[in-house]
Each structure stands twice: as C-alpha cells, then as structure tokens.
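Only one chain is included here, represented as structure tokens and corresponding to the form predicted on its own.
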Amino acid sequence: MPSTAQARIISAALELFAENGVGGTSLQMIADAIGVTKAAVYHQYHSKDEIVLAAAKAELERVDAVVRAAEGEPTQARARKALVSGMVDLAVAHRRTVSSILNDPVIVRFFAEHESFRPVMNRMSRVLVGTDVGHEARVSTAMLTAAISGTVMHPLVAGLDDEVLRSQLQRLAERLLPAMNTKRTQSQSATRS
C-alpha cells in the first residue's frame, strides 16, 4: 500500500502519462505537478521505472478489486453483470487516463511481463466466459476490455457526460456477453462432434 506521498506521485504520474505518454513524462514534470522538488520524488521512488511500475500496479489493483467483487456473486450471470458494470465504472471514472495508459508501450510491456497481471486476467476471463481458457476465451475477454477502455477515450464520446456514457456503455457491453457465450458454446459443441 503506497504512502500518502507515494499516492500523490502515482496520481500525478498517471495524469502526466495520459497527457504525454510514459516516455514524454520526466521526474521533474511529476515533481512540478505536485509542487515538490525532484529530490522529494526520488526520496519516494528511486527511478522513473519504479513510478511506472507503481502506477501500473495501482491500475492492476483497481481491476483486481472489480474481479474480486464479481467473483463474490452467487451466480455466473450475476458475476458477469457485476464484472461488466465494475469495468465500465472503472473506465468511466478514469476515462482521461485509462486508454492512454493501457495503450502506452511501457505499460503494455509491464502487463505482458508482470506475473501478477496474468492471474487477474485469467480470473476475469473465467467470470466472463467460464472455465474455458483457450484462445477464443482470451480473445473475447481482450475484445470486451478493449472495447470498454477504448470507448471512454474515443472522440465521439468526449462530450458525453459520465452518466450518459456509463449507461450506454453498460447496456452495449452487456449485449456482447451473450454473443461471447453463444460462440463459445457453439465452438465447444463443434469440437465434441
């Protein structure tokens, strides 16, 4: 759990990463954003890489909390609905930063290489499409999460207020779920034949 000072640094870094990308954000810019010296930032984190890692972990913890809440639901249908709702809420609440961060090559590499990311994504996939962990389930999960995170930053929705965006995105994302499961069921039936 980051300290208050570390949380301020992470928050400022996420905003700056969204504006400038990870590569275009310096430690000095982060220090300036929170009104401290660069030495004060170094006191909390010894390098920009450590800040990037902390920011990525903070995002992963938010996703993990949504997945955990969904896993606590009593039925698969309610778990899927809770997961989609939580993902939409998270994306809309962080709409300014979410897409930029998820599309930044440094963050993408972190998520691809970091061991704690895969189990969270596998659990998310299990909630969405059941126990199937094959290619189709992975792609389906990736498509849904990309659709949600990409939509909140799309220029066509930039002027929408959060509640309108949330309700529309929730409705449309839920419409994708039956198609994901129907396709999976058909694929499994064809394999058995």
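Predicted model only: the values in this text are computed from it and were never measured. Quick note: we count residues from 1 along the sequence shown, nothing fancier.
The form predicted together with the DNA is left out here; the points below concern that form.
Contact with the DNA in the model of the complex holds for all three of Ser3, Ser26 and Lys38, each having a heavy atom within 4.5 Å. Comment: the DNA is not present in this chain, but in the model of the complex one of His154, Lys48, Arg138, Arg62 has a heavy atom within 4.5 Å of it, namely Lys48. From the list 145-153, 159-167, 39-47, 62-70, the contact stretch for the DNA in the model of the complex under a 4.5 Å heavy atom rule is 39-47.
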